[in-house]
Ligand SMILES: CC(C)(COP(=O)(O)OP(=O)(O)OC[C@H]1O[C@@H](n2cnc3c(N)ncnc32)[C@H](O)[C@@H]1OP(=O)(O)O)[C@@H](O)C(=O)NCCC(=O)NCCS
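First, one chain by itself in structure tokens, the form predicted on its own.
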Amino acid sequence: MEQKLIRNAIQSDKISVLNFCKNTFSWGDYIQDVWDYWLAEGNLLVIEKSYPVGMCHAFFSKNQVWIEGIRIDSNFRRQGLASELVKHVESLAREKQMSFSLMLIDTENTSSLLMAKNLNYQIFQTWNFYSLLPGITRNHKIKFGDLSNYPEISHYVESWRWLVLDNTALFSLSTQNRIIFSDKFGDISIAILTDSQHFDNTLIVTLFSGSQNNTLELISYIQNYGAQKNYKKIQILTKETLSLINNLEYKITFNLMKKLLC
């Protein structure tokens, strides 16, 4: 029986991995854009049978591990390789005394959702992804602040990772005016703005929508902010369904999967 090995990736693995990541989605894949970043960060893993046939990346922060970029060569699927990669990351997380594991899966990716369920992951939250084109807007009124009065907001998105919103992160975001509010029209809407570490000129927005009108105020400000700061892309992640306005486009819905490790 052919031996399987899970190990840390090296630069020479890149060509082999990208060869089976070309057509992951209808539009291709993003692994070629993040490979070098992930390799530099560490915990970029491959599973090999004399050569790499699968990969994933693990990002450890605070009390959690974020698992991303699970890919298996189409010639080696349905052999449990993705599950082996996930279980390997979980073992590393337990060694580091991490409390839980998170991963993001497209709601229509039934095979990955089944794998996660079989590994005892639960749907923690469901998030929608929208894209927004930068553009000059006027007459928006927003406020800057912190989230000390909103302890139910436990995570925010940075580089497509749901990270713990602890006091250190709160202080950094608030001092940079990266937490914005609108409370003109009833229930407050809140947004957290971060820069993508992996894609140039990309603004990532974690949006918590209260009333529709307050949310539209934030979106108007964000659109204008994106134009003034010369962002090429604005990506909005929210648990709510947004009203589609000019230059706001719905993309896809994800399940945020969570597993307790201790």
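Just so it is clear, the structure is predicted and the values come from calculations on it, not from any experiment. Quick note: we count residues from 1 along the sequence shown, nothing fancier.
There is another form of the same protein, the form predicted together with this ligand; it is not shown, and what comes next is about it.
K.L.:
State yes or no: in the model of the complex, is some non-hydrogen atom of I179 no more than 4.5 angstroms from a non-hydrogen atom of this ligand?
P.N.:
Taking the distances in the model of the complex, the answer for I179 is no, it never comes within 4.5 Å of this ligand.
K.L.:
Under a 4.5 Å heavy atom criterion, is R138 part of the interface with this ligand in the model of the complex?
P.N.:
No, no contact at 4.5 Å.
K.L.:
Taking this ligand as it sits in the model of the complex, is Y250 near enough to touch it, meaning that at least one heavy atom pair lies within 4.5 angstroms?
P.N.:
Y250: no, not in contact with this ligand in the model of the complex.
K.L.:
Test of understanding: in the model of the complex, would S172 fall inside 4.5 Å of this ligand by heavy atoms?
P.N.:
Answer no; every heavy atom of S172 is more than 4.5 Å from this ligand in the model of the complex.
K.L.:
Which residue among I190, V89, A82, L132 has a heavy atom within 4.5 angstroms of this ligand in the model of the complex?
P.N.:
Selected residue: A82.
K.L.:
Using a 4.5 Å heavy atom cut-off, which residue among L147, I142, L104, L165 comes into contact with this ligand in the model of the complex?
P.N.:
Only one listed residue qualifies here, and that residue is L104.
K.L.:
If we take heavy atoms and a 4.5 Å cut-off, which stretch out of 222-230, 65-73, 35-43, 197-205 is in contact with this ligand in the model of the complex?
P.N.:
Of the options, only 65-73 has residues within 4.5 Å of the partner.
K.L.:
Does each of R7, S61 and A93 have at least one heavy atom within 4.5 Å of this ligand in the model of the complex?
P.N.:
No: none of R7, S61 and A93 comes within 4.5 Å of this ligand in the model of the complex.
K.L.:
Could you run down 100-133 and flag each residue that has a heavy atom within 4.5 Å of this ligand in the model of the complex?
P.N.:
Residues within 4.5 Å: L104, I105, N109, S111, S112, L114, M115, N118.
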